[in-house]
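The chain below stands alone and is given in structure tokens; this is the form predicted alone.
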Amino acid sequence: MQPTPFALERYFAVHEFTARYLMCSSDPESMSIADLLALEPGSADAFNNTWLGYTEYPGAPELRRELSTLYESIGTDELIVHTGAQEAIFSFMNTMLKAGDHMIVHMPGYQSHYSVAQALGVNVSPWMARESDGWSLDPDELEKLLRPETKALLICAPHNPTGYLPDRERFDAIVDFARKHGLWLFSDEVYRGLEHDPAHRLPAACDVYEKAISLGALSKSHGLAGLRVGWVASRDRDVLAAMNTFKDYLTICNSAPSEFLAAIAVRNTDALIERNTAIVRSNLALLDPFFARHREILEWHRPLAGTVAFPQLKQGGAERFCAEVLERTGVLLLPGTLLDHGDTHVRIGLGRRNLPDVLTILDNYLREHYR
């Protein structure tokens, strides 16, 4: 298998650690190990005594016990911890899909949601979000995309890159469609918990559908990308058995220090999520007037959840725009071409504390060059 190069990650490989200002990061503000350990008295000593041997294949029991509290119906043996969400996506595609199968994928989206499957010979049909309606999904379109060989439906909610979140009625219609046709529902929920209004939070797909696979990660919801901890939760025994076996050819087991720190993070989920959503809410209060001032250049649909948004560039191409902004200001934005969505949009990140300062730089640039 030879997947298409991951365009977004190749872009970050060049710019992420050299650009002066990141304004396209999908993860929120992170913290130090010391800050994380400070959430639980005595944890620093326990961390220093962490045994550096192999951990259990599906994840440390303590971590899986903590993760199970994030769900209504999932037990510790219905979770598999992976080295980041990426490994979990790769594992699912390689174990549950084969050449000639068909999958429906929520688009625009994260490239590994479809490129890994395509490299395996799986046919992929995009289920396009409707920008004119706030990037919403229309469940009535799914029947038209269905084929006899369709095996899976992949959604991302809350959505990267648009920040869209379905309402409960639409979400239930998606689940009903998957159940009616016996499809695996792979639900990327790495932003779950970062709803800007907690009342809009959806249930985890694995809690409402027996063939759903819910994907989680500490990189987004908890702001701890450096721990490299992701997981899947599912009640489907075939999926769990296949992915556990396939993991033997990937990382086998996870990092013991990361799993120890991850358990602390999950025990303190509410505090970490409140921290991250507070940053996003504060930044949104600045972005609303920013986009109003520059409505002739950029147009956005205010996101409902998560730490990203996907405004449309109304003048020129996104690739050139992003390159010029980076060259002249040091601010890194992400052109929509890297998300297979044409040259008309840019992804911005909402979750960093320095956004007010970076936004001032971008504001001044637009005032100067787009009068």
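None of these values were measured; they are calculated from a predicted model. Each residue number is its position in the shown sequence, starting from 1.
Here the subject shifts to the form predicted together with a small molecule, a form of this protein not shown in this document.
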So, in the predicted complex, is Gly84 in contact with the small molecule at a 4.5 angstroms heavy atom limit? yes
How about Asn160: is it within 4.5 Å of the small molecule in the predicted complex, going by heavy atoms? yes
Heavy atom to heavy atom, is Ala233 within 4.5 Å of the small molecule in the predicted complex? no
Is Tyr191 near the small molecule? Define near as a heavy atom within 4.5 Å, in the predicted complex. yes
Hey, of 124-132, 106-114, 233-241, 141-149, which bit sits against the small molecule in the predicted complex at 4.5 Å between non-hydrogen atoms? 106-114
Is it true that Leu70, Leu202 and Thr277 each have at least one non-hydrogen atom within 4.5 Å of the small molecule in the predicted complex? no
Work out which of Cys156, Leu185, Ala262, Leu79 lies within 4.5 Å of the small molecule in the predicted complex, going by heavy atoms. Cys156
Here the chain is shown alone; which of Leu165, Ile213, Ile89, Val266 has a heavy atom within 4.5 Å of the small molecule in the predicted complex? Ile89
